[in-house]
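One chain comes next, on its own, written as structure tokens: the form predicted alone.
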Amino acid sequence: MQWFFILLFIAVCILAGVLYHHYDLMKAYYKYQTDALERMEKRYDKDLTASNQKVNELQTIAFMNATTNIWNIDYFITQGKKAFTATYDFPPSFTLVAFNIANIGKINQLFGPTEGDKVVYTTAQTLKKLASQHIYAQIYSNLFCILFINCKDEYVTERIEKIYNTLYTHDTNVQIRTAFGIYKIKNTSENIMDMINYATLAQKFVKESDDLCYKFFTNELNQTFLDNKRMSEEMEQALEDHKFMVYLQPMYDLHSYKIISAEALVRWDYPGKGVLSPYAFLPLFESTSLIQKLDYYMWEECMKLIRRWIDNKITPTPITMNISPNHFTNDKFVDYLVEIRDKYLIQNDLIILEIPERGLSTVTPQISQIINRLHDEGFILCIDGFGSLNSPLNLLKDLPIDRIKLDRSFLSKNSTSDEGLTILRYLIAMAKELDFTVITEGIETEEQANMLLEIGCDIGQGYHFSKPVDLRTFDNLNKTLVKAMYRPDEYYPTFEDYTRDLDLIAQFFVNRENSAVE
């Protein structure tokens, strides 16, 4: 019995040792598993952090404009949607601003595309600096947007003016002009691209001459845009249907009061509205490439008209045709002018090309080359609106110009004072000294016409003589004089006058001697 308990005790001890050893093994195993789990968790956290960093990096790459290093359109749309759906303590307000570099085309033309790229980059960095607390982005190459949240109009316009002034004064050699459109968002469920389009639409109505560099989107602006869009779409058909008509405003020799040329002006026979003046549609066309198509149409119509006069044994009147500055991006239009001139067999002295002074405000080598080519092709060239801007005199010296046309505003400002008359007199005298023909437009009174003749002006144009008229009326006008010739108070005889006067004096003495003999 005693041996039984001894053996039982030994068995219990062995079992306890086995269990204790198994417990140590399990404890070690669990520790190993715990350590492994901890290592896995750390590895997972590390991988997750790396993954998140990678995702953020990829998102940054996806949302970043690689050229200008600011947010792009995808970022703007994503952040905009988040802002619209976020929870606010009070009803939020949102204002979307879109702007572009208004003179980027001129910068590229004058300084080249490399300088244009620098200007875009400068604009992007300025936006990044001055709108960092708001949602901002470069939407397209020359379109930038800012989304203001819970900001008053005064703050928004102050930010806009800050951006404008910073860019405008950035470089004295390359002045960056920006135009801004503001859309106050009322319905956040609208498509964000539609919101951008509304702001961009308002921005399109900002003019360089405006006091403010921004406009708010309104329903009236939207209606104007829709009307313009419809009118633009109707233009192509109107050209095919010959709904654009040539009107002529005669130009008179101030010495003889005879019509010596006429300016071709466009009118639109618009269904349901009658004949529209150019003020109703030209500003729209000049803001697009449509003006080039309209010019091509008008030039050929003028050539046809001169050909008709010649074929009907009517002495043709030289016609002045307008050249939009939009054509000066290349000389393709010169080829067209030469082509239709040769097609209708028109003499060079029957065509005068009027180039607006604003198109020559900065004469680039390309523009100078185009002007010289027009001159070499035999066209008579005239600067239109001379005196409306700064009228740099080097235009008269450096370009092969034949005529200048004084702007109507220049006449009205300088015809009512002695100082103004002095300016007019010396400007005309200088032009005559350089052998230019001087034309003055906007003559509304007989007194103005007489005064211009006295100070040496050659040709007059304006409502005092005739408004622009249709071709039938012009043909009738061309057969008559406006009035008896005016003889100026201050008469400066020419060599021909002197010779004629000597002949008259000699004839007078011959007649007197014959009478004495009889």
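Residues carry their position along the shown sequence, with the first being 1. Just so it is clear, the model here is predicted, and its values are computed rather than measured.
What comes next is about the form predicted together with a small molecule, which is not displayed.
The shortest heavy atom separation between Glu236 and the small molecule in the predicted complex exceeds 4.5 Å. Contact check for Tyr463: a non-hydrogen atom falls within 4.5 Å of the small molecule in the predicted complex.
Under a 4.5 angstroms non-hydrogen atom cutoff, the small molecule in the predicted complex has Pro468 among its neighbouring residues. None of the heavy atoms of Thr317 is located within 4.5 Å of the small molecule in the predicted complex. Stretch-level contact check against the small molecule in the predicted complex with heavy atoms at 4.5 Å: of 156 to 164, 134 to 142, 293 to 301, 396 to 404, the positive one is 293 to 301. The listed set Thr126, Asn72, Gln249, Gln79 contains one residue whose heavy atoms approach the small molecule in the predicted complex to within 4.5 Å, identified as Gln249.
Checking Ser277, Ser256, Asn197, Thr422 for any heavy atom within 4.5 Å of the small molecule in the predicted complex turns up a single hit: Ser277. Each of Val266, Asn322 and Gly442 comes within 4.5 Å of the small molecule in the predicted complex, counting any heavy atom.
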